[in-house]
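In structure tokens, one chain follows: the form predicted alone.
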């Protein structure tokens, strides 16, 4: 039995990660052990790598990071009965208490006592990971593992883009990061009339266009109003998806909504972000905060959309062996990337 493994560890405060040997985790009661095949680098992982203010507040080194992954079950803890060794799986990254009001009401995504894989406990950037059986997601054999590796992020996009009905609606997506790119494909597949994406990163806007956006607007030199007019929009957007966390983008979104419009907010706003609340009040806007994925309805929907033909492959821009993780984080930090995949099988 293998007792030590490679893992990417945040050893101490400061920029960077360390590839080192650590003990292989063993499954406890109700847990499974997963041999990791592929992982994807998330924006959260970049925050931790860069050791920004958010990471300084939330991360307690030393710990293994990472929470986007696919692998196979290699061991079952006592009491596990719904899974078998060899099953290809991913996992819901939010481990909830199961006992609070929200958990008991079927709203685990709002559990106040959530512990996140790769943030509050050891994560998936390693050869092996252990998680509770209740968090395991069995993967259909016809879905490529590279796509499954970022199902966690795709789940965020699905939760946000399906929060409100988009059939026949005009949708504004602010922020063309990987989750914004995915949201374009989701809205296109689900029947949106027009999808416009704003950002200042042309590389990522080009991928959003490839994913099906009817128009992309580089706010560094183009105007959203011009794109709206060219797309035949009169009153404003029916649905807004805020993916950037940028205060200026949020305010532009609110001012661009039609009366009675609906806004899903996923981007994490910076400290001191201010909006004009009169835009919300006088337009009768509905604002809905999004955190993670609905547990577990989002997982069923995201896999169904893939099986129905949603192609997320244009979002994958880089692939590296896990020993080349520095190149992966360099690509993410450059802004000239979509999803970056690390291979743990070779």
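Residue numbers count along the first chain shown, from 1. Given the structure is predicted, the values throughout are model-derived calculations rather than measurements.
Beyond the structure shown, there is the form predicted in complex with nicotinamide-adenine-dinucleotide, which is absent from this document and is the topic of what follows.
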nicotinamide-adenine-dinucleotide in the predicted complex reached by all of 93, 135 and 296, non-hydrogen atom within 4.5 Å: no
Counting only heavy atoms and a 4.5 Å cutoff, which of 237 to 245, 113 to 121, 95 to 103, 69 to 77 contacts nicotinamide-adenine-dinucleotide in the predicted complex? 237 to 245
Under a 4.5 Å heavy atom criterion, is residue 306 part of the interface with nicotinamide-adenine-dinucleotide in the predicted complex? no
Residue 291: touches nicotinamide-adenine-dinucleotide in the predicted complex, heavy atom cutoff 4.5 angstroms: yes
Using 4.5 Å between non-hydrogen atoms, is residue 158 touching nicotinamide-adenine-dinucleotide in the predicted complex? no
Taking any heavy atom pair closer than or equal to 4.5 Å as contact, tell me whether residue 176 reaches nicotinamide-adenine-dinucleotide in the predicted complex. yes
Name the single residue among 266, 213, 257, 171 that comes within 4.5 Å of nicotinamide-adenine-dinucleotide in the predicted complex, judging by heavy atoms. 266
Ok, 201, 84, 107, 273: which has a heavy atom sitting within 4.5 Å of nicotinamide-adenine-dinucleotide in the predicted complex? 201
Within 131 to 154, the residues that have a heavy atom no more than 4.5 Å from nicotinamide-adenine-dinucleotide in the predicted complex: none
